[in-house]
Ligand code: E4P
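Take a look at this single chain in structure tokens; it is the form predicted alone.
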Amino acid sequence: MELYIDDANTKEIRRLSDIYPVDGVTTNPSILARTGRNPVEVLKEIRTLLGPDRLIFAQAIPTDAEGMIRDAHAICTLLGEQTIVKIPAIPEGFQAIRQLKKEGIRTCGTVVYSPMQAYLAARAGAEYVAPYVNRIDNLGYDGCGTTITIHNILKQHGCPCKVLAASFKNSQQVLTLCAAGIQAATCAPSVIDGFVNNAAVKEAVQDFVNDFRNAAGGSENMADLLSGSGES
């Protein structure tokens, strides 16, 4: 499963990128607005942090196809080749995705709440479709179930489009979709940290440290013990 950071806080992106094997960053207008900064400057900084090879997702703002296409050109000019333009999975969006596919611009059908939205975006030529897992749950439906249905439909119909699951409230939702074979997930920093935030793991690691220190006469690590600097 590809893993993306769903955030525009550059300090958090830098921290998570240093720790976890992330494939890039996803943004949307609301995420960018939460930084309180100029969206263009934020996106440029994220691209610098990621380097030229990892993906960055940025969303076209207009609601008409012509405007979406114009925004897509501007976004790709700003952020380079490894850019996915997010296009809402609405009728005007399908039109824009089809044209952008012809031009070689990579897209993600976003704001997906139903399997048919995802299917139409994929058929139009989107490289990714992004169902909003927790938002679907909040409407009284099954977010993980809907996402798995989308995955199965695209697979059964041979659509070369990846499911990029988005909008998570906890790591269990991500685990469920990972086990189901969903190709990608984008998560807030708190959700990513939650993958391994386990008190039992921390306790076990500290037990190993304490046991080694006792066995090695107070030496704190193997390197010092082997070099002789940890001898008492």
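Worth saying up front: this structure is predicted, and the values here are computed from it rather than measured. Start at 1 with the first residue shown and count on from there.
FYI, the form predicted in complex with the named molecule isn't displayed, but the following is about it.
Colleague: Considering only heavy atoms, tell me if residue 47 and the named molecule come within 4.5 Å of each other in the predicted complex.
Modeller: Flag for residue 47 set to no.
Colleague: Applying a 4.5 Å heavy atom distance criterion, does residue 151 contact the named molecule in the predicted complex?
Modeller: Heavy-atom contact with the named molecule at 4.5 Å: absent for residue 151.
Colleague: Residue-level contact is defined here as any heavy atom of the residue lying within 4.5 Å of the named molecule in the predicted complex; does residue 132 satisfy this criterion?
Modeller: Taking the distances in the predicted complex, the answer for residue 132 is yes, it comes within 4.5 Å of the named molecule.
Colleague: Though only this chain appears here, would residue 163 touch the named molecule in the predicted complex if you measure heavy atom gaps against 4.5 Å?
Modeller: It does not: once the named molecule is placed as it appears in the predicted complex, residue 163 has no heavy atom within 4.5 Å of it.
Colleague: Within 4.5 Å of the named molecule in the predicted complex, counting heavy atoms only, one of 60 to 68, 163 to 171, 189 to 197, 176 to 184 shows up; tell me which.
Modeller: The contacting stretch here is 163 to 171.
Colleague: Quick one: in the predicted complex, does every one of 82, 106 and 127 get a heavy atom within 4.5 Å of the named molecule?
Modeller: No: none of 82, 106 and 127 comes within 4.5 Å of the named molecule in the predicted complex.
Colleague: Go through 72 to 96 residue by residue and record those having a heavy atom within 4.5 Å of the named molecule in the predicted complex; state none if no residue qualifies.
Modeller: Heavy-atom contacts to the named molecule in the predicted complex: only 86.
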